[in-house]
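Let's start with one chain on its own, the form predicted on its own, as structure tokens.
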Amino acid sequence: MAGIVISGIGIYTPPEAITNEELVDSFNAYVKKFNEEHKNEIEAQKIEPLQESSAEFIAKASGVKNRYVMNKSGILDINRMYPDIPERPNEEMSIQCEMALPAIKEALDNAGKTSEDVDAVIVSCANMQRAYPAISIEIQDALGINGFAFDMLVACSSATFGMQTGIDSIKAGTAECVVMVSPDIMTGHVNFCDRDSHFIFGDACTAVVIEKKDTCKTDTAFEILGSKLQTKFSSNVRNNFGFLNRADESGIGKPDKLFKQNGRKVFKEVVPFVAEHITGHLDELNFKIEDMKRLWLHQANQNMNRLISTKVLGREPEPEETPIILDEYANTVSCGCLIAFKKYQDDFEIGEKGVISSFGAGYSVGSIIVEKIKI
């Protein structure tokens, strides 16, 4: 893997934010309205009444205190309870392309690169707003990049899987410089009427520049020492939305067409899966966990991250060893580990190492081991 580096990273943060308090006020108003409208059915025990939530419950259950979103008004409208994002004419730039461009620009600026230096664009995220033409090709066109582009979906693990694909392209000689970008609008697939999951997600976009060390123009970079992917099928995190939905009208609009999970099983099964993956990857490369200064983990749940870190480290982690950004951003699906990486790398000295790891639906897990080097 020697000779391939991460030379730049960028983040796009949506302009609107929703605090736990705002979300709970809206949700509880919806609950009251729903229970009043269905009073007779509830009294006849045909359906269960909805239960109110609290900001304290959300923070304790997840660590989330705030989230950035592409549209706030629609989510908080108790007569709507989902984002209000109008469709755009084909002649206009798509919203995911619009999110991607500032993140890529920041990443290219960090890397000292221009669009002319890029050979490939990979869009890797949890959800695409259309089937084709590829969002990546639209981004490629908007930036004036030659070469090739394609989309891929791996839910919350999309970042590391996309990075691995970029690494493989460079190793194969089909590209020397790859931009991997993850424009995720997860709020479009959140059930904001569900007490157990309405608070989990936010929107964001991250972009990374991956290239040969020989072409790197920055003074320092993070060399990729190893990358590893792993998958194991599970339906405990699932979204059944797809192009075949129209072929069975009875399922249209059902809750399973949005994000749905069995939280307890996910917690119980994913924690050891991820911990064993990371420790196994380190063993394969003859590294000890003591060699790693930091774990930049997917930002799904504060308690989950703490337990994974404890299993990997063999002790309770210090806050700086496994930084948390989900208190501000919530779960940004594919973007979380790279937001953490971007915001918590400035204190790295030459020769210090860390692990970028994402995990999620599939189940899927990926780990990228990096070392800060002088170019």
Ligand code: COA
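Position 1 is the first residue in the sequence shown; the rest follow in order. Quick caveat, the model's predicted, so the values are computed rather than measured.
What follows is about the form predicted in complex with this ligand, which we do not show.
- Interface residue among Ala204, Ala300, Val123, Ile104 relative to this ligand in the model of the complex, by the heavy atom within 4.5 Å criterion: Ala300.
- For the options Phe273, Phe267, Phe241, Phe287, the one in contact with this ligand in the model of the complex, meaning a heavy atom within 4.5 Å, is Phe267.
- Between 61-69, 345-353, 41-49, 318-326, the stretch whose residues reach within 4.5 angstroms of this ligand in the model of the complex through a non-hydrogen atom is 61-69.
- Taking the partner from elsewhere, every residue among Ser54, Cys156 and Phe259 has a non-hydrogen atom within 4.5 angstroms of this ligand in the model of the complex.
- Among heavy atoms of His198, some come within 4.5 Å of this ligand in the model of the complex.
- Among heavy atoms of Asn331, some come within 4.5 Å of this ligand in the model of the complex.
- Contact annotation: Gly263 falls within 4.5 Å of this ligand in the model of the complex, judged by heavy atom distances.
- Shown alone here, Met304 lies within 4.5 Å of this ligand in the model of the complex, counting heavy atoms only.
- Contacts to this ligand in the model of the complex (heavy atom within 4.5 Å) from stretch 98-130: none.
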